[in-house]
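Single chain ahead, written as C-alpha cells, the form predicted alone.
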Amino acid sequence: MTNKNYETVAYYPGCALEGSGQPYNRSTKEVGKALGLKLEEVKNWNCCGAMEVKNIDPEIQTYLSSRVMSIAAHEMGHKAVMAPCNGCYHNLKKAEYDLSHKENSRAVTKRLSEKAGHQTYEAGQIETIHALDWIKDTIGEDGLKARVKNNLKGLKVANYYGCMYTRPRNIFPEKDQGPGSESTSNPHFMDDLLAASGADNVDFALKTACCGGAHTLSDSDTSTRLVSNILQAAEEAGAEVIATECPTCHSGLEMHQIRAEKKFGTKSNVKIVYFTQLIGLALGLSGRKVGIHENISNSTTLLRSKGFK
C-alpha cells in the first residue's frame, strides 16, 4: 500500500552527498523525478554529528541530528525526513531513540535548541526513513516493474547494505515486524527493488558486513582487508556489480578496491554502483543523467555491454 506521507519528504542529503557521494545525490534526485516523488531539501541543514562528534560527545551528536529533524518538522511542516546516507539515517534514528529514552539527551537538546533559537525537537514529531523505504513504500515492486523501460535482466548484482543500516536493532523499531517490513538479520529492500527492475540478484553472504569506513584514515590496512573480503565474496557469488546504498560504504569499496591490488596484490573486477543509479537506468535514464561517469569504479564498458547508454 502506498504511503502518502513519503510522496513528498524533507530531503536530508548530509555532508557526503555534497562531496564524494555526488553521484548518489544526483541519481536519487533523478529517480525521484522519474517516479513522480518530491524531495524538498532541509533548509540550512547541518552535519548529523557523524563519527567524530559522536565519539567525543554523543549528546552533541543527538542535538545536531535533532536540529535537522526540528527544521524538517517545524519549519517545513513535513511528516517524514529521508536520509539516503546510512550514517545520517543511523544518527537521526539514534537521536530519536535517545530522546525517547534518555532524560539527559532531552535536557541537552532543549538547552542547545533554546540557545540556537529554534524549536526543540521532541521524539515522534517526524519519521526518519532511508531512500530504500522511500521507493519501496511509495512505488513498490509492482509500481516499479510497471515503469521499467530498460530491464536490468542479465546484470548479476550483489546487494551491499553495510552495517549501519540495521545495527543496533533497538533504534529501528519499524524493522523485523513481519511481512512487508525490513529485516535486520537479512535485509531485502534493495534486493526487492532491483529484482523488480529486472536484475539478477546473487546470494551474497556479506551484505551487512562492515567495510571499515570509520577507520579508513586511522587504520587503512584493516579497512582494505575488510573491503577485499566483501569484493571477493561478491565475485565468488557470481556478481558483476555490487549495488550500494551508502556514500561512505560506496567510496570505501571503490578506494580500497584500488588499494587492495596495490598494497596486497588482491585484484577484483566487480564494479561498484549505487542502487539508485541502477534503478535510474532501468527507468530509461541515461548513465550520464544518473552520474555513472562520476563513480571511481568504471562500470561504463560493462553497462554498455548490457545495452545501457
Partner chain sequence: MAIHEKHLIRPENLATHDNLVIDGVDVSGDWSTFIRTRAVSDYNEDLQVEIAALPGGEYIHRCWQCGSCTNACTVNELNPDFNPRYWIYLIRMGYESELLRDKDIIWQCVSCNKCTSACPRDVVPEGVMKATAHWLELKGHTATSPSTDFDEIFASQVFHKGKIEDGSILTGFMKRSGQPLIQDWLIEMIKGMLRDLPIRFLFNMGWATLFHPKTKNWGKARAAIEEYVAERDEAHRIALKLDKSVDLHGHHN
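Numbering follows the first chain given and starts at 1. Here the structure is a predicted model, which means the values were calculated and not measured.
Same protein, other form: the form predicted together with its partner chain, not shown, and the subject of what follows.
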Using heavy atoms and a 4.5 Å limit, would one call residue 25 a contact residue for its partner chain in the model of the complex?
-> no
### Query
Would residue 63 show up as a contact with its partner chain in the model of the complex if we use heavy atoms at 4.5 Å?
yes
Would residue 37 sit within 4.5 Å of its partner chain in the model of the complex, counting heavy atoms only? no
_I'd like to know if residue 268 sits close to its partner chain in the model of the complex, meaning any non-hydrogen atom pair within 4.5 angstroms._
no
In contact with its partner chain in the model of the complex (heavy atoms, 4.5 Å), from 120-128, 224-232, 150-158, 135-143, is stretch 224-232
Its partner chain in the model of the complex has a heavy atom of only one listed residue within 4.5 Å, and of 79, 175, 102, 188 that residue is 102
Contacts from 249-274 to its partner chain in the model of the complex (any heavy atom within 4.5 Å), listed N to C, are 255, 258, 259, 262, 263
